[in-house]
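Before any questions on binding or motion, here is one chain by itself as structure tokens, the form predicted alone.
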């Protein structure tokens, strides 16, 4: 008979858990590829200490900070002091064991031959290991230097431009102030003549002279106001303030004021109106500046109008807009001048010896009211300027 098993025997002890496997080594082929790309591969052995995974790139031996043997761990900040500030950020990534690689800023290390190497470090966790890759970043350094150099050149250009603008504005103010004195004298002489004039025609011309002198004084004040601003760039008209003025009456006044000047030159000045044009023609504009815009255009036309020629001012109602076109029979505007024609201090072509401010004043004035000015290139066949102004209700 078989014997029964012994009762009360102690149970077998459970097996011990297996030890965790050691971290796998970095793939040798990948390390060789990185080394061929001049990348130094370092493995963190403990906080702040690293060992080099061979093969090391050739540039490492050139560094003045690497007299030590390459087969032992070393404090990374002893060899690359720049990394001291960045290393805690890398340690946090290695401690978590996950996350995207992080990169240091570029820095420069001296070499034994007196040149510099430009480097960048990358921290990444890989296969339970903490790796630090250091590569040469010469291309990035060169690109950054080029950007910085370009920025410095642009800054110098900007400073030169500001100096040039400042000099021209000072000159403009000097000219304006120099004009104001003689103008006051002319106005005084005209007032004396007005008190003495007996002939009706003489009286009319003296009164026109006084009118023009007064407008010229207002122009001087307007120019000083415009260019006293640090930012003469066009601004959208304010929705709360919408000045309005009768364009048709303004054109009639300006034409009548300049008629003697045209007669003296032997040129003809005429006004045409589109069929059905109703007056008053209220537009978004301020009276004195609108007059100045029209004076600028007609004075330009007078300056280049040949003897016995005609300058035509045409008014047209274009729905939501009112248009004024000034056409002369002079030399016209060259196409190459058009792109800069309405810029500040632009001269050339038809405008030798001028300050280059009249048409600039017209543009910024009209654009502040929501209007615009344009010129058609008509070289050899006369000049044609057109202004457009938004219609408005009369100012209460």
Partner chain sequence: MIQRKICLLGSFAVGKTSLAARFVDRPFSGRYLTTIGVRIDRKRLHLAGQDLTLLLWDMAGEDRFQRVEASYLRGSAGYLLVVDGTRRSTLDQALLLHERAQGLLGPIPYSLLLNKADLAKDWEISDADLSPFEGQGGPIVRTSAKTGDHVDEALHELAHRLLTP
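Only a predicted model underlies this, so the values are computations on that prediction, with no experimental measurement involved. Residue numbers count along the first chain shown, from 1.
The next section is about a form of this same protein that is not shown, the form predicted in complex with its partner chain.
The candidate spot formed by 81, 108 and 152 lies fully in contact with its partner chain in the predicted bound form, as each residue has a heavy atom within 4.5 Å of it. Checking 318, 199, 71, 159 against its partner chain in the predicted bound form, a heavy atom within 4.5 Å turns up for just one residue: 159. Comment: its partner chain is not present in this chain, but in the predicted bound form one of 65, 340, 49, 38 has a heavy atom within 4.5 Å of it, namely 65. For its partner chain in the predicted bound form, the listed stretch (100 to 108, 254 to 262, 285 to 293, 299 to 307) containing residues with heavy atoms inside 4.5 Å is 100 to 108. Using a 4.5 Å cutoff between non-hydrogen atoms, residue 163 counts as a contact of its partner chain in the predicted bound form. For residue 170, no non-hydrogen atom is located within 4.5 Å of its partner chain in the predicted bound form, even though that partner is not displayed. When contacts are judged by a 4.5 Å heavy atom cut-off, residue 323 does not count as touching its partner chain in the predicted bound form. When its partner chain is considered in the predicted bound form, residue 141 lines it closely, a heavy atom lying within 4.5 Å.
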